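Next up: a single chain in structure tokens, the form predicted on its own.
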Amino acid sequence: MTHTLHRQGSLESLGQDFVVFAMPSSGLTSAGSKPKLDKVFEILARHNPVNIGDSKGGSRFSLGGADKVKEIIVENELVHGVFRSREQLIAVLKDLKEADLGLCVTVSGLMHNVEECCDQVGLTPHTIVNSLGIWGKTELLPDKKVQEVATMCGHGLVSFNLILALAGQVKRKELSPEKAGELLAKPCICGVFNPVRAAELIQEFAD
């Protein structure tokens, strides 16, 4: 189960959004896991992620750089990286397989894309989890485009009003879509938010 499961959007947009994270199993492989998590960070960073972070300390955007993320990784932590292409995902999975760190690795993305990438490096997912969407009073939810941006933060820390405010600034040409994407990535503390995809979605607000 992952908090990155509920991302929304078109197939084209979601096809450029992959989240990879690794963690020890608490109480089983957590003791001595710090060097392994450092190695995961090195592998993720090597393949130019658009975001990187850990689940408790922060992301490159909230901390001020990827090096800051590396400094705060601790034992029994969760390290994330966000990638834009299948080629990047394949390269990351290949390196993680070769490193054989004994950690749990989860990949979020369109299922057929992830399965094909795993197949190319000789990996077989042992578990696949699907989101069943949002149930309840869905009429109270904001515009679909706002949801597509907001759901990239699995903890719901990117507010709808912030998205609308920054989209307004982009529309008035007071802010670039890229800067809006970076500002939206800051509240997402674990670093699973995709700022490049957010910039694309924000640009759609302005068009």
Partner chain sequence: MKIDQEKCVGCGSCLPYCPANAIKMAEATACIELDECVECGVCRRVAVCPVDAIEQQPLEWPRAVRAIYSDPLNIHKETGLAGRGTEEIKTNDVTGRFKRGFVGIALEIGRPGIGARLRELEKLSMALARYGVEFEPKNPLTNLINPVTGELPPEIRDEKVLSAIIEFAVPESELLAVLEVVRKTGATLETVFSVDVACRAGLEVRWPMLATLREAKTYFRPNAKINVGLGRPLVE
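Residue numbers count along the first chain shown, from 1. The structure displayed is predicted, hence computed values, not measured ones.
As for the form predicted in complex with its partner chain, it is not shown, yet the points below apply to it.
A single residue from the set 145, 34, 171, 155 has any heavy atom within 4.5 angstroms of its partner chain in the model of the complex; that residue is 155. Taking the partner from elsewhere, residue 29 is found to have a heavy atom lying within 4.5 Å of its partner chain in the model of the complex. Contact annotation for residue 85: none of its heavy atoms lies within 4.5 Å of its partner chain in the model of the complex. Shown alone here, residue 13 lies farther than 4.5 Å from its partner chain in the model of the complex, counting heavy atoms only. Proximity of residue 120 to its partner chain in the model of the complex: non-hydrogen atoms within 4.5 Å are absent; the residue sits far from the partner. Contacts with its partner chain in the model of the complex, taken as any heavy atom within 4.5 Å, map within 112 to 142 to 114, 115, 118, 119, 123, 124, 125, 126, 127, 128, 129, 130, 131, 132, 133, 134, 135, 136, 137, 138, 140, 141.
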